[in-house]
Ligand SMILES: Cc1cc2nc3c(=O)[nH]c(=O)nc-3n(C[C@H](O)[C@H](O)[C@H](O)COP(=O)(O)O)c2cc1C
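As structure tokens, one chain now follows by itself in the form predicted alone.
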Amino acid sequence: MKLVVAISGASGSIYAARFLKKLLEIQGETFLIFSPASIKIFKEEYQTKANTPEEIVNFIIEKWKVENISNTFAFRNFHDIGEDIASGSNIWEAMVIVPCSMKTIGSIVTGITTNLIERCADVTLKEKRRLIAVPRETPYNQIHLKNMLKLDKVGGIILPASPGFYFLPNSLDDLGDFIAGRIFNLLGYDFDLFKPWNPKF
């Protein structure tokens, strides 16, 4: 599996953390982009001193004792739209933005590419690859709703950070795993991160 994964400046670091935690264990290659705001929010929500994308990934590895690391993470500069993945001549299967801010969605649907996350999303859409956006906002106003509809119409997938509760979660990590699991489902993988709905139980 070859992915571009972006973490934008929205609350919901748990969703990025749990997705990356599982992704580390899966064979593949991942181009990873953190926005400056996402680093600040991650630090606040996890009360960590990690100051860089590399330090955040190390925090995830240490916090959940990830041992069987099979994925290669290649960090890319948020500010540099001249990076290799800014071009469609480089191939990846899909792009995931988790969490995805409303500013990021708004920029994508209007074709604005002022940073590498927006540029990669633009490339993903134009190359007809899968783009999954995980917004974490509430409530939505009409601008948010219209922009998400626009993204859906041009081929993006909106996966709201709205975890289910039918599997009786025991922790915040369980809720993060639910969203991570749904992302993986859309990528064509089932890793049993949560129990699927079964009306018999």
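Model, not experiment: these values are computed from the prediction. Heads up: residue numbers just count along the shown sequence, starting at 1.
One more form of this protein should be noted, the form predicted in complex with the named molecule, which is absent from this view; the next part is about it.
Can any non-hydrogen atom of A10 be found within 4.5 angstroms of the named molecule in the model of the complex? Answer yes; at least one heavy atom of A10 falls within 4.5 Å of the named molecule in the model of the complex.
Answer with yes or no whether T30 is in contact with the named molecule in the model of the complex, where contact means some heavy atom within 4.5 Å. T30: no contact with the named molecule in the model of the complex.
Answer yes if any heavy atom of I132 is within 4.5 Å of a heavy atom of the named molecule in the model of the complex; otherwise answer no. So I132 does not count as contacting the named molecule.
Looking in the model of the complex, any heavy atom of I60 within 4.5 Å of the named molecule? Close contact is absent here: in the model of the complex, I60 is far from the named molecule, nothing within 4.5 Å, heavy atoms only.
I158, I26, V66, A37 - the one with a heavy atom within 4.5 Å of the named molecule in the model of the complex: The option sitting close enough to the partner is A37.
Spot the stretch among 68-76, 82-90, 98-106, 119-127 with residues whose non-hydrogen atoms come within 4.5 Å of the named molecule in the model of the complex. Of the options, only 98-106 has residues within 4.5 Å of the partner.
Using a 4.5 Å heavy atom cutoff, which residues in 116-145 contact the named molecule in the model of the complex? It's fine if the answer is none. Contacting residues: R136, E137.
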